[in-house]
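Shown below, as structure tokens, is a lone chain in the form predicted alone; questions about how it binds or moves come after it.
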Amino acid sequence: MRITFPASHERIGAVRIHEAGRIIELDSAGDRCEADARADHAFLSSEVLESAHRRLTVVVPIKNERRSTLRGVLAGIPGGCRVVVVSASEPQPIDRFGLEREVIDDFVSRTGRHVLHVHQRDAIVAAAFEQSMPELLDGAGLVKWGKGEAMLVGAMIAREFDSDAVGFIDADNYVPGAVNEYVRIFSATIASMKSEYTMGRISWQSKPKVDEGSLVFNRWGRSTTVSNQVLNEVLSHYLGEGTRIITTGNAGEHVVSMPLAGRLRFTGSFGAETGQFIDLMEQYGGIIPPIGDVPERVDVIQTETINPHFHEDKGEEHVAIMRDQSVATITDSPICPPHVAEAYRTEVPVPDRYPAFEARPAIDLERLEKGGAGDVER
């Protein structure tokens, strides 16, 4: 794989947000790994990428997706990666979780891969997290609904696998080749990182949609456009000059080194992705007093893909909820300047934020492995 180095970055405290690099070759010939400081790109051999795959757990949050779409996502994840599918799919009137299980069981039997499939509202999952992250549980004693909550479940499972990093892939991707590219970028990011506190975020080459019978290759999605703008306004306020460097505000596809993942305070629901930027700036940006020690550097690596991002259009209401929760996460932060908070304030409830799990007790992974469907809320 051949990938460009970011040419510049913005720095706020210990956090370096790099402008988006890009892919030169998805599959490069050769058996070497070079990152010549005089060059503007790095070459990573297949051996280097495959080694990184083996140290990576990929988490796939899913809710009511088609069987064929899930099958394609699984097929696109490179061999060697562990896979955790965290489901919030409805068990009634059609048991969609059971349909997922059929797809996953078939995939595992044919490939010999390791895939852990759990339901977010499974009583066994709740029991596994009761001691390590009780804040995740609701009044019914089950893990709360929400995409961010599913991501936190997956990240804590990845820690028990002793992974070096955890990556996240949205389950609604129609193109298995794009999924494969995302994970290759994850592994390239982790293999070449300069700090053990590194996050790699995917900037889509385009996000096509059909408009009046034609395929339109939009640069960003409707929610990401707004989230990027608000995040850049917050960053610009503290830099003292304008910037548009953040292009991955709602990047569902991203990877986090495990040392950094353990320190992140995950945001729930659709505040998950913008919440990561905000948490990094709160903890390590030097704006407000830190809650712990501050690493020498924290890198946010953004990489633009070659593949377009095709996914299901879930309608304006879904986009509005995702956009509003993402923005509410930003405007509720103590580092959000008053003029930005006032300009973008929404009426939606602010998503929950969870404590860092770095020092939390281990979860009962063996129980999860045996649990399967368990007692799913119906």
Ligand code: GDP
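Residues carry their position along the shown sequence, with the first being 1. All values reported here derive from a predicted model rather than from experimental measurement.
Only in words, not in the display: the form predicted in complex with the ligand, which the text now covers.
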Legend entry - Interface segment, criterion being heavy atoms within 4.5 Å of the ligand in the predicted bound form, picked from 335-343, 348-356, 318-326, 50-58: 318-326
Legend entry - Candidate site Val86, Ala150 and Asp170: all three near the ligand in the predicted bound form by heavy atom within 4.5 Å: yes
Inset, instruction - Would you check, heavy atoms only and a 4.5 Å threshold, whether Gly146 touches the ligand in the predicted bound form? - result: yes
Inset, instruction - May I ask you to state whether Phe186 is within 4.5 Å of the ligand in the predicted bound form, using heavy atom distances? - result: no
Inset, instruction - Find out whether any non-hydrogen atom of Ile62 is located within 4.5 angstroms of the ligand in the predicted bound form, and reply yes or no. - result: yes
Legend entry - Proximity of Phe277 to the ligand in the predicted bound form, heavy atoms at 4.5 Å: no
Legend entry - One residue of Thr267, Thr303, Ser227, Gln120 in contact with the ligand, assessed in the predicted bound form (non-hydrogen atom, 4.5 angstroms): Gln120
